[in-house]
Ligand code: RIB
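Next comes just one chain, in structure tokens: the form predicted on its own.
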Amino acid sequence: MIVRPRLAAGLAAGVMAAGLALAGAASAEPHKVIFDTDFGMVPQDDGYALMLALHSPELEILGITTVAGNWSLEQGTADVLRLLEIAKREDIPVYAGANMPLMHEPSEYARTTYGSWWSDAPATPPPGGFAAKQAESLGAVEYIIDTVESQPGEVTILAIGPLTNVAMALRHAPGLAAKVKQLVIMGGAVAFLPDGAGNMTPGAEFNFWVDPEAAKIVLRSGIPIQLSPLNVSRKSNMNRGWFEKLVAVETPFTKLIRERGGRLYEDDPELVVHMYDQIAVASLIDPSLVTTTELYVDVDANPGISYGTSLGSPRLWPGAEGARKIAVQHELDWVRFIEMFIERVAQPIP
């Protein structure tokens, strides 16, 4: 079901072994994960993030829920279905969710800068054509509610797009927040910490800017949250050298990565690409890859020049009385992270 909401309505082997041991020590059982995404095929970070998740035994992906963000809901859903087909993981169900934010109406600025969350155009064919696999008839919001309520305290939501689906689930099912094990979010930019500028406006990061109202609801929900903002993303450094290591061995994934991502480095050999959603996924696999600080974090949902800006502080401040303390990532062990990422994503598909 498609929902259009409105608020009123060199170290590699040793490090890998250590990282896996740490993850195993932290949790003998894999994390049960709902993968909530504004999916885009590689070289979009969502595509890379799902590849990493599919190659990580620490994660059990119960289902994938899609939301409008990078692209339209229709395009994101078509792309994720195709990637699952390439991965031969058609067993993982996909649920289409919100095709618009809670309140954010598309402006001329939105239509002429990054993203097409506002579009309702039909999806264009993904690489290799549309998947035979189809999305489920159940909607994403209903799926999130049903899954969390049937397994209270066991399900982690990994949210790497606008938080519309998660916010709607919380609004539709009072008490749901207390049943979510944890929530890992890629979103926001916290000026209190280094590298805290926005990427859509001077203060606002894309995912929170697309749906600030949803972000505010989710951050104030009381769910244990690990926030992976732009601060930590900017510690990444995917240059051509790392890219060539990633695609050195050919698999269905690396072939797709080279075909779609290689042209970026051909056009600009000095290009450095930040990694976003990939870090959020990796931090769930191995929390020791990131350094976090506990902060109260809130989002400005008032229309104006700071719309979508996330603010953080060790203490509450006027206007943020409903904010909760969450773990905010701000440092990254880049070499360990990228070596783990390359080692896993470049593996043959199981």
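Note that this is a predicted model, so its numbers are computed, not measured. Residue indices: 1-based, along the sequence shown.
Here the subject shifts to the form predicted together with the named molecule, a form of this protein not shown in this document.
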query = Any idea which of 301-309, 281-289, 44-52, 58-66 reaches within 4.5 Å of the named molecule in the model of the complex, heavy atoms considered?
reply = 44-52
request  = Only one of I157, L230, L227, V218 comes within 4.5 Å of the named molecule in the model of the complex by heavy atoms, so just point that one out.
outcome  = L230
ask   = Can you check whether N165 is within 4.5 Å of the named molecule in the model of the complex, heavy atom basis?
value = no
message = Even though the partner isn't displayed, in the model of the complex is W117 close enough to the named molecule, meaning a heavy atom within 4.5 Å?
response = no
message = in the model of the complex, is there a heavy atom of the named molecule that lies within 4.5 Å of any heavy atom of Q182, even though the partner is absent here?
response = no
ask   = Even though the named molecule is not shown here, does I144 get within 4.5 Å of it in the model of the complex, heavy atoms only?
value = no
task = For the stretch 203-238, return the residues whose heavy atoms include at least one within 4.5 Å of the named molecule in the model of the complex, in the order they occur.
result = E205, F206, N207, L230
